[in-house]
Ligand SMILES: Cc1ncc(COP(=O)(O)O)c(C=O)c1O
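Presented below, as structure tokens, is a lone chain in the form predicted on its own.
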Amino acid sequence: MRFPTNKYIEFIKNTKKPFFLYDGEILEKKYKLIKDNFPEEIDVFFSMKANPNINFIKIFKNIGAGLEIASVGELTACLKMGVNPKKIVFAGPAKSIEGLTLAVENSIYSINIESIQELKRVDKIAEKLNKKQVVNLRINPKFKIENSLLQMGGGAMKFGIDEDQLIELKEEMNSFKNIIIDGIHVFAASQILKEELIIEYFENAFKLLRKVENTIGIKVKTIDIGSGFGIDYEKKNNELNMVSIGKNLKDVFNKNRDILDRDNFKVILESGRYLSAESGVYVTEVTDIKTSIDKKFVLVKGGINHLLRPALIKHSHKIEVLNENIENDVVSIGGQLCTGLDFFAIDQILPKMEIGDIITILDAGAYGYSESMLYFLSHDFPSEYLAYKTEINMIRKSKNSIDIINEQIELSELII
């Protein structure tokens, strides 16, 4: 699903750069693609880490999605935006006592437990609050998802309880008085772009659920699967076919009908990148063009301080040049930072550019603004805008160098 740059061309031309622009209708369409094609038992939860702007929370809440959060800050944002606590799951390692306490106080749907020690902590917090808290056990599985961007399971990991530690967990089961182990959580990989791997992933997840139940002697009501659905960043016709995946998942579900037919059984599908990446673009403009030896460099406002992901994971995003030049150049596009890492593209074939030309970097709706190192070199922060229901509104102001320095001056005056 391609961002409709032409639809917003006048806004892009006339708005101070750099900035992020998001299309709220794309968020809704991506959610609908899953809901319309996947088994009806699936409940889609937006992984807030992909883009924690509160307006994303509002949109997903309003269309019926749940929220998967991974910090006390994300949990607080959801609660302030009126998300039903029963539509929130709390994932992530090393959760703070503050975050766990807030989760138990609000009786969220589930805390996804990452270790036996965390299970004990939640039990103590719930006991202190005189409450019962539902939890899912995040299991670090033995199986791996090959050819994915990041392996999140299948070896020594900071995530989850090892599959081989289930016996140890069984020995502790009778000591927990204030928690209800309701399900399992599996998140084995990220950025999966092969349909057969996704189907295999779901098959293995159900096999793992059966093993957990048989080993520790429980019957669960939830399986929470971190989807790992990928995005075709380079636009090489490698987009996931949700119709085909949904059809094959229905076969997987039919094979596990004995589990799915349990009263109130829930299948949670977490998705962050897939739901939000294509909704956003990072917009900037060319400030300098230079040649060094035999290479051409196009330099732009901003840089990886605003959009770190291409440099962080060596994953190029598709770049659009908003000019009408039919000539091409082989160029590297870099930002304003004093580091050799600061590149959005290396030796890419793009339309020939001039100073002042506008470029957009696609698929910046996930892991963009909030994942980047905004304070590095004290450049201005980008602003954020949301196009939704015929209007474009600013949803986060820029912050300039004076703002950044003043934050420190106010504190410094109290010390020196």
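Please read these numbers as outputs of a predicted model, since none were measured by experiment. Residue numbers here begin at 1 and follow the sequence given.
As for the form predicted together with the named molecule, it is not shown, yet the points below apply to it.
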{"property": "Contact stretch among 221 to 229, 289 to 297, 303 to 311, 115 to 123 - heavy atom within 4.5 Å of the named molecule in the model of the complex", "result": "221 to 229"}
{"property": "Touches the named molecule in the model of the complex: residue 367 (any heavy atom, 4.5 Å)", "result": "yes"}
{"property": "Contact of residue 140 with the named molecule in the model of the complex (heavy atom, 4.5 Å)", "result": "no"}
{"property": "Close approach of residue 76 to the named molecule in the model of the complex, 4.5 Å, heavy atom", "result": "no"}
{"property": "4.5 angstroms heavy atom contact with the named molecule in the model of the complex for residue 91", "result": "yes"}
{"property": "Residue (of 95, 266, 317, 273) lying close to the named molecule in the model of the complex, criterion heavy atoms within 4.5 Å", "result": "273"}
{"property": "Residue among 343, 187, 253, 206 with a heavy atom within 4.5 Å of the named molecule in the model of the complex", "result": "187"}
{"property": "Residues from 44 to 60 in contact with the named molecule (non-hydrogen atom within 4.5 Å) in the model of the complex", "result": "47, 49"}
